[in-house]
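Okay, here we've got a single chain as structure tokens, the form predicted alone, with questions on binding and movement later.
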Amino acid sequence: MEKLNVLVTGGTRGIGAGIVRALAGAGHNVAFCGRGETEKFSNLATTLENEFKIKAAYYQCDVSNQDDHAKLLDSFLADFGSLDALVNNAGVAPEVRADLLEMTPESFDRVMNINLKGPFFLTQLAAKKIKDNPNDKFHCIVNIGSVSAEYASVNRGEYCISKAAVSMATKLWAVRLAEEGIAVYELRPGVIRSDMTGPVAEKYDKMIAGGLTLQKRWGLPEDIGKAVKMLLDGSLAYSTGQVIQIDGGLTVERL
């Protein structure tokens, strides 16, 4: 398999950490970013390098701050030489799960800036970097969406809206970047065990046991990591713009 230089946003925990580890295990060079202090996560990058014999790095970055984007990509290119794939994973739920009638503009803006605006404009800049530094490797962008793009949750409406918008952004970038030789995909996780779902774990335990998903277990970060690894190895190279559900059968329509 071809070794790629990959950047994963929000890669310090949960789904992001699962993606980073899966890609490192597949032999890809991988950098990940987050808002945490550099020293702590640079040690994790060193651990990945030693364990998997790849190049790894951590960069402190707030994806909602567009001033950080150029610095992030410039640092990546200086360290890795080229950018072959971007995984837009960074995302947040609302800090307060409020009814739609109580949602605040501040909460709406926070979620949209991190989940939609940040990755949209990071993709814009990353695509230009890939376009301006061509090579013969497989190039792709993977957006981590959510089944919440279609499933309405009235106590976290800003999250649902952001993920529905990410889905359209995926289509738009797939259309625009096809001529540049860059494939674009959306992965749509279902109920994944992570920090985000921790506060409602008991609720989902009961729902999964009651048949919410066809496969009666939680999804795990490594399930998403395996799917990203498949996309990056070119197995679905002729499927740009597609949505791939990683949800244990949650979205299968049934009577």
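Start at 1 and count along the sequence shown; that's the residue number. This is a predicted model, so every value here is computed, not measured.
Not on display, but discussed next: the form predicted together with a small molecule.
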>> Just to be sure I understand the contacts: of G25, G14, G234, G241, which is the one whose heavy atoms reach within 4.5 angstroms of the small molecule in the predicted complex?
In response: G14
> Exactly one of D205, D195, E51, E39 has a non-hydrogen atom within 4.5 Å of the small molecule in the predicted complex; which residue is it?
Replying inline: D195
> in the predicted complex, which of 125-133, 85-93, 173-181, 101-109 comes within 4.5 Å of the small molecule (heavy atoms)?
Replying inline: 85-93
>> With a cut-off of 4.5 Å between heavy atoms, is T213 one of the residues that contacts the small molecule in the predicted complex?
In response: no
> How about R35: is it within 4.5 Å of the small molecule in the predicted complex, going by heavy atoms?
Replying inline: yes
> With the partner left out of view, is E222 within 4.5 angstroms of the small molecule in the predicted complex by any non-hydrogen atom?
Replying inline: no
> So in the predicted complex, does A45 come within 4.5 Å of the small molecule, heavy atom to heavy atom?
Replying inline: no
